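The chain below stands alone and is given as structure tokens, in the form predicted alone.
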């Protein structure tokens, strides 16, 4: 084998993979076409608009800058590739009080409003596709989900249910502030014999707003819903 043939073969091996894994998906996803709703399959007509509220753009930037994607994914895989849909509330709620079973797979429209799709590198921690919904339903029941997130970022093992959490604390996103009058509504703890309060900085606020926006419970058009049929029984 000549050096020229070796170099050509090496370039082709990496080039073909790069083409189909990076270039083709980028071209197909950079300008997503609007989806027309179908009366027969969706029960309504019009255009499908993905709904998300929160500081998505700058919150996603804080998420990326602090390496959250290194330990958390945002990708509910199809059932032929894993059992993500059947893990506890990863793909949605199995028994939503209003809509029943809302579990579904991830689709490209779930990343609408973000510059990059935060699909993640590994799963040292749980998938976060529905973490805003999951926290509201399971952890912050009757309380403030944002306050729960702030406490979790400050001390991930504070919640007895998460005593084995490997998530590092992000205390650098919080500040100690002298209390003048009553503690602020944003305070997560009172320290120094009641003289100071711990409050989230702007990065923590943006990150929590972004995490709260991760609620993939919106009903999607039939052409995007590849989840297995729901068990009516």
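Positions refer to the first chain, counted from 1. Since the model is a prediction, treat every value here as computed from it, not as a measurement.
Absent from the display: the form predicted in complex with heme C. The rest refers to it.
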| field | Partner proximity in the model of the complex: residue 170 to heme C, non-hydrogen atom cutoff 4.5 Å | value | yes
| message | Taking heme C as it sits in the model of the complex, is residue 67 near enough to touch it, meaning that at least one heavy atom pair lies within 4.5 angstroms? | response | yes
| Even though heme C is not shown here, does residue 75 get within 4.5 Å of it in the model of the complex, heavy atoms only? | no
| Is residue 154 close enough to heme C in the model of the complex to count, meaning some heavy atom within 4.5 Å? | no
| message | For heme C, considered in the model of the complex: do all three of 71, 131 and 211 come within 4.5 Å of it, counting heavy atoms only? | response | yes
| field | Contact segment among 123 to 131, 93 to 101, 78 to 86, 107 to 115, judged by heavy atoms lying within 4.5 Å of heme C in the model of the complex | value | 123 to 131
| task | May I ask you to choose, among 184, 166, 44, 53, the residue with a heavy atom within 4.5 Å of heme C in the model of the complex? | result | 166
